[in-house]
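What follows are structure tokens for two forms of the same protein chain, given separately as structure 1 and structure 2.
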Structure 1
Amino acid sequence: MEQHIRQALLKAAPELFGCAITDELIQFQQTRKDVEGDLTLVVFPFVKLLRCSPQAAGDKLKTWIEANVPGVSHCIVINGFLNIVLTDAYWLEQLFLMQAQPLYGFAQENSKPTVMVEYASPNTNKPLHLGHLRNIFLGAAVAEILRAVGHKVVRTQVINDRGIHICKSMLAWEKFSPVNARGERETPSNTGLKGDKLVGKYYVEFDKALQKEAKAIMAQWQSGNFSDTPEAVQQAVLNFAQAKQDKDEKAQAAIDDKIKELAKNQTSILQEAKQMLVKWEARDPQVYLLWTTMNGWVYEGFEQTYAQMGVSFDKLYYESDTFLLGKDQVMEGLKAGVFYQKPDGSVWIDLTADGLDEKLVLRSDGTAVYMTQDIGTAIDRFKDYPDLHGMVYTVGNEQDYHFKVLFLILQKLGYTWANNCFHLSYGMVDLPSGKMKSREGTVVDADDLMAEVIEKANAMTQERGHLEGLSEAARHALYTQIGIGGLKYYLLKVDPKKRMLFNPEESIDLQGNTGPFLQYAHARISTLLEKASYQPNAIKLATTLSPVEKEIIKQLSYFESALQEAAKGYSPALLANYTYELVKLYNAFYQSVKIVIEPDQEIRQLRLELSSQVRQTISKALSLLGIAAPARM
């Protein structure tokens, strides 16, 4: 209707305003819930054209729209706004139009440019955790939403399989893994531990050894013993110690942290890890074999976790491949003057003129940094997909600056498609105990968390009953749908930009803005329609709608715009909360009227049609969020 009124006003402008008008002048907004109306037209832009007060302008528009726009019942002028009330016949027509289009709200497939969505992108030195879950569920949902509005979508991840962090796990496994009676070190097969968890265990072990050695070095420094300490480091430590005087407690703690970092860099274990990275980049056979073996363990573990999550990818990229291309680009950019080289051999880019800073792109020893490999990965993707229009990087907001720099470097290298790259920045997930830290082992493991919510869904569902006739396998599938669905919804319903606190108990609650609340509404309607032997009926019904029926149809009609807004803002939260509002409206309707036992067959059929459309919309929305819609609960 909004578009219909817009076109009518544009066509009638010479008659109404004495001149043609532009589309931008016609502004609509949703009507406030405390006043009557289905759609609100902003009157103020027309006041100057009509040379009258806002009230008089509203009255003129009211008279013209009521006389010339079919489907409008009447209009109300309120303080420079025109609230438009639509007829019941119009809303019934909308209901049957939606019923006739199973894919109502979805755009034609591949009608928009190709977009690549990157999510997950884990490191191969630890298992997936709660923070990864928000990333993965967010990226997967955005990919589906973009596909629904017409984009061809390529789902991808770049696996961070190289770098100093990977070498830390490898070195710790070599140094600390116990040897069994058969002379074997720990492996997934002889321990029964998932490969990603085994490798993550040694990442933590590395940090323990690093902290212990750094603590010993700091104790030596405090006693005045600087033997084997480079002169420049010794002077830096003494300068920091001097700077601590007359500082407050917070400033002293910050200086202590800097001294601790200096100590860590002097540890033998970190030096060994750095040497291992140099050997890896030189393709040392022994190091490369260890890297291949341990990464293989991790990949097998990841696959199991992804299967439980219900997510997948169209294309995988590995940093061990793309960093080489990145290094080549850096050298080309160095020749072209985009980058510059310092006396120690390291390569940098100066972005101070762009309001940023100087950024390292290649270390003095020739090894790559994250920026190097991200440059290579981006270029590789556009070579693989020549029709690619843009990329969406699903990465936490701790990397906001990194992506500003990355996109700017790509532009300076001459890649115009960098303008279509978008960083889907999201807030971190906290626990009641605080922030998670992988190296300290204080994370919520993704596998453990998924098992926990499935078990909670099991207990909750069995307590409520309604499982008669379901096999054990069907029951477990239902518990998984509820548990994983609740987990996904809990992490998706919050605006991506916001930091959030996670509570697993709340995620599977049947009350409130939760996944199971929406799933239960779908199951309840499915049971209702089955009990009523519902059959779709496209006959237009001449009946009066109750206020709640009208509100439900109105909310159903917003599905397309909610989907478009979710795609535009890369925010599944908009779709999640749209669906929650729909279910709340339907529940009020379900509690207040007769449906199956309604004696008037015309009214009964209308309410069944309404219920069917609500069920279909819930199913579509949940599917886009990666959540199952059970028929029974």
Structure 2
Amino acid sequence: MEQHIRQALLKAAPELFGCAITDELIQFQQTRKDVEGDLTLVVFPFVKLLRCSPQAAGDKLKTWIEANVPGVSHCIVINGFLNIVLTDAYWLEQLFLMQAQPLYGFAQENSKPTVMVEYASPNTNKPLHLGHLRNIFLGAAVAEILRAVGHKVVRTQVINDRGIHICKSMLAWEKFSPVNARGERETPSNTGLKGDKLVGKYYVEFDKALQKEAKAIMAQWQSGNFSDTPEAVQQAVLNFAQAKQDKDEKAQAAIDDKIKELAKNQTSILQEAKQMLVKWEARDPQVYLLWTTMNGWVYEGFEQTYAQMGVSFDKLYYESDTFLLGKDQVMEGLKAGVFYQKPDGSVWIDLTADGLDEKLVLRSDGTAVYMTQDIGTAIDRFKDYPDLHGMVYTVGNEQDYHFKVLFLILQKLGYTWANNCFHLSYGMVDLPSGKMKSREGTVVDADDLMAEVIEKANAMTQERGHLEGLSEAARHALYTQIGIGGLKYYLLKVDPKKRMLFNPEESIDLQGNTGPFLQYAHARISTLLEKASYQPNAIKLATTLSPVEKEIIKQLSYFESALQEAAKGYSPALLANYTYELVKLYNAFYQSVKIVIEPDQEIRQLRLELSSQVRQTISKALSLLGIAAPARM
């Protein structure tokens, strides 16, 4: 309708205003809830053009629109706004149009270029936690939304399966894992631990040992004993100690950290881990075997977690496969003059001309860093998918700088697709107690959290659900749908780029703006339609609509634009909020009128059609968010 009026006005401008007008002059907005109208045209822009008062300009537009635009009932001019009231017949027609297309709001499949969406991408040394949940739910939802607006989508993750962090777990396991009676060290099968949890445990063990050894070294330094310390390090420590004087507390703490860093570097255990990494890059058979085994454990654990989350991937990338390509690229870039080499052999890029710093892309010992791998992975992906148009990286906002640099490097290496790479940057998830810190044990484990919300859904559903006749398995599935659905909605309803607070109690809430609220509406309509033995059927266009009914159709008709906005802004939150508004409207309607038991057949049918379309829309929106829509609960 907006488009209609817009076109009509543009065409009629010469006769109406005496001159042609530009598109931006015509501004539509949603009409305020408390005044009559379905669509509002802002009159102010026309005031200057017509050189008259807002009221007069409004009147002029009103007369013209009422006479020339079909579907318009009448217009009201208030305070410089022209509120357009559309006819009930127009709205009924909209409802039929939606009913006639089950995929209303969705674009045609594969009508837009291929996009790869990366999410999850965990390290293989730690189990998944709350931060990963936001990442994964967000990425998975964005992938679905992009698909719905017509893109071909490849869901992917890159698995950080190499690097010093893996070696730490491997080393700790070799050193500290107890041996049982059969001479075996701990494995997932002989401990019953999930693989990722077991490996994570040894990562922590490593850190403990490292801290302990570093502490001892610092104590030595404190007492002036530098017998085992290289000259250069000794000098650095003494310099830091010197610098510490006459500094404020904060600066002193920062210097202490630096000294600690030096001490850590002197520990034998870290040296061993570094040697292991070098061996790994040289494909030492023993190290490789251990690496394969322990990573295998982690993957198995992650698989379970992903299954519980209800997410999946189309294609996996392993950094162990792409880092060599990254190194090659760096060498080529070096030849081409994009990078430069320092005397110690390390390779850098100078981005000072772009307002950024110098950035390391290859270590002096020739091993790869994070950036090296990411360069390789990106190029690998565009090789694998020749029709790939762009990438979306779902990664936390603490890496804003990293991605800025990455995209810039790819551009400088001459890859034009770098312009279509987007960093879907999201804010951290805070706890009421503050930031999650692994050292302080405040990390919320993904598996534990999911188990908790399912348990809560279980308890609540037992208490107030309608479960008669459901099998034990079906009930359990329902608890999972509600628990996980609630968790997803909780994490997705907030604007991704904003930092958010995770309140454990609210996250399993069922009332208000929550996942179960939407699911409940869906279930209620489902059983309602079943009881009514609903069959789609045409309604006379002469049927009149109540204000709520009209509001609901209006909101239903916004689905497409809500979806478009969500895709454009990579923001599932927009879709979540849209759906919440729709459900609130419908609930008010549901409570205030009779539907199944409405005696007037024409009205009954209209209300059923309306309910059916609301259910459809909730179901579509929830599925885009990765949330199940149960038929009863």
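If you're wondering where the values come from, they're calculated on a predicted model, not measured in any experiment. By rigid core we mean the largest C-alpha set that fits within 1.5 Å across both forms. One-based numbering along structure 1's sequence throughout.
Of the two forms shown, the form predicted alone is structure 1. Superposed on the core, the two forms differ at N83: its CA moves 2 Å or more between the two structures. After superposition on the rigid core, the Cα of I618 moves by less than 2 Å between the two structures. Once both forms are fitted on their rigid core, the CA atom of P230 lies 2 Å or more apart between the two structures. Taking the core as the reference frame, the CA atom of K48 shifts 4.7 angstrom between the two structures.
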